[in-house]
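To begin, one chain is listed below as structure tokens, in the form predicted alone.
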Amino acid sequence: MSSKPQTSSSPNRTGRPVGIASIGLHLPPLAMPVEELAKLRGQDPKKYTIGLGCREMALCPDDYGAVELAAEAAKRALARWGGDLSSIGLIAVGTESAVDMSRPLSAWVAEELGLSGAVRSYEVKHACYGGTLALRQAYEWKASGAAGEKAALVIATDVALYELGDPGEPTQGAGAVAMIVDDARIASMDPVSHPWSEPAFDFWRPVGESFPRVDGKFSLDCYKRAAEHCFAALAGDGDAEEMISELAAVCFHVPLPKMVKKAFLHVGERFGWDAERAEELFDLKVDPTMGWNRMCGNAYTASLWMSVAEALQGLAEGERLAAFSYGSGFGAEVQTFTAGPEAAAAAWAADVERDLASRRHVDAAGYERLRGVRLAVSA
């Protein structure tokens, strides 16, 4: 097996590589610095800012949620793409914030967009891994030729809330990332990816319960083990350190930044890297991809794709990055992307800049009022 990921992507019927043609992102209109939560919980703020690596939690008002986030992200991606709705033949939404047990969240989004007709529409659920599965399915549909001249709209959208006082509360967040799968103007996708899954109860939410149940230590163990297996498969019989060094960036699903660091250092240890070299590679390849994640918290399915969107900014055509996805339960997958001609311009970065500039910060008292409203609504 080659020591390097394949860099060519299966062509569509036009002969051009298939991949991401447009990206749209959306963050909710509210946020709270984790220091405010520390005041409420009687904790040293450094426990959240340094211990977890968190900065702010993106929050939704009571009339805003996964549908609204997804629809706005999709509108931004579609407007930037230049195509029209009649050219969309598939809409897939990865989420664990479903609003109905039968009707897919994609139907709500399609209704907001005015998308109907000869379109395959569905929702994908596998915790935080759902967005990745939706993207891979759309890529395989397009690359196979089954799509014809049609493109796919893939959206990862979630609102992450924990029970008041839960250890996961400072990692809360929300957001959506929409991607058009068509000609690879922003990034082509490697046709080969590397999955790993094991049935596990590390994070789950039973039907009828408002908040997830989490076995934090076990979930970290699962996450590290999944990363180890996926990156070993990506390296094949080659030198993993050399492979990582040659990538422009290595993106991870970001439950919290410190968890990503622990997993990456674990991978380095398993590959026999010097500890100092592993830290250096983390600082160079991984840490710079988590700036937007730190400003919004864990957005579940959207978390990895926020990191990927940030990492693609400014890449020269032909530069490559890796993306590691993880969803509790658990399923994981690593894949590689090659920057296309429109990656350098990073037009989608304006979405994040606009949302960060316009959102309103709430203090501890405002957060308690907000959670009271949302709890009353969900009850």
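All residue numbers are counted from 1 along the displayed sequence. Just so it is clear, the model here is predicted, and its values are computed rather than measured.
One more form of this protein should be noted, the form predicted together with acetoacetyl-coenzyme A (CAA), which is absent from this view; the next part is about it.
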item: Residue 167, heavy atom within 4.5 angstroms of acetoacetyl-coenzyme A (CAA) in the model of the complex; value: yes
item: is_contact(residue 201, acetoacetyl-coenzyme A (CAA)) in the model of the complex, heavy atom dist at most 4.5 Å; value: no
item: Distance check, residue 120 to acetoacetyl-coenzyme A (CAA) in the model of the complex, heavy atom within 4.5 Å; value: no
item: Partner contact for residue 216 in the model of the complex: acetoacetyl-coenzyme A (CAA), 4.5 angstroms, heavy atom; value: yes
item: One stretch from 266-274, 252-260, 106-114, 226-234 that, in the model of the complex, holds residues within 4.5 Å of acetoacetyl-coenzyme A (CAA) by heavy atom; value: 252-260
item: Sole residue of 193, 171, 97, 137 within 4.5 Å of acetoacetyl-coenzyme A (CAA) in the model of the complex, by heavy atom; value: 171
item: Contacting member of 318, 29, 51, 314, with respect to acetoacetyl-coenzyme A (CAA) in the model of the complex [4.5 Å, heavy atom]; value: 51
item: Contact set, 280-298 vs acetoacetyl-coenzyme A (CAA) in the model of the complex - heavy atom within 4.5 angstroms; value: 298
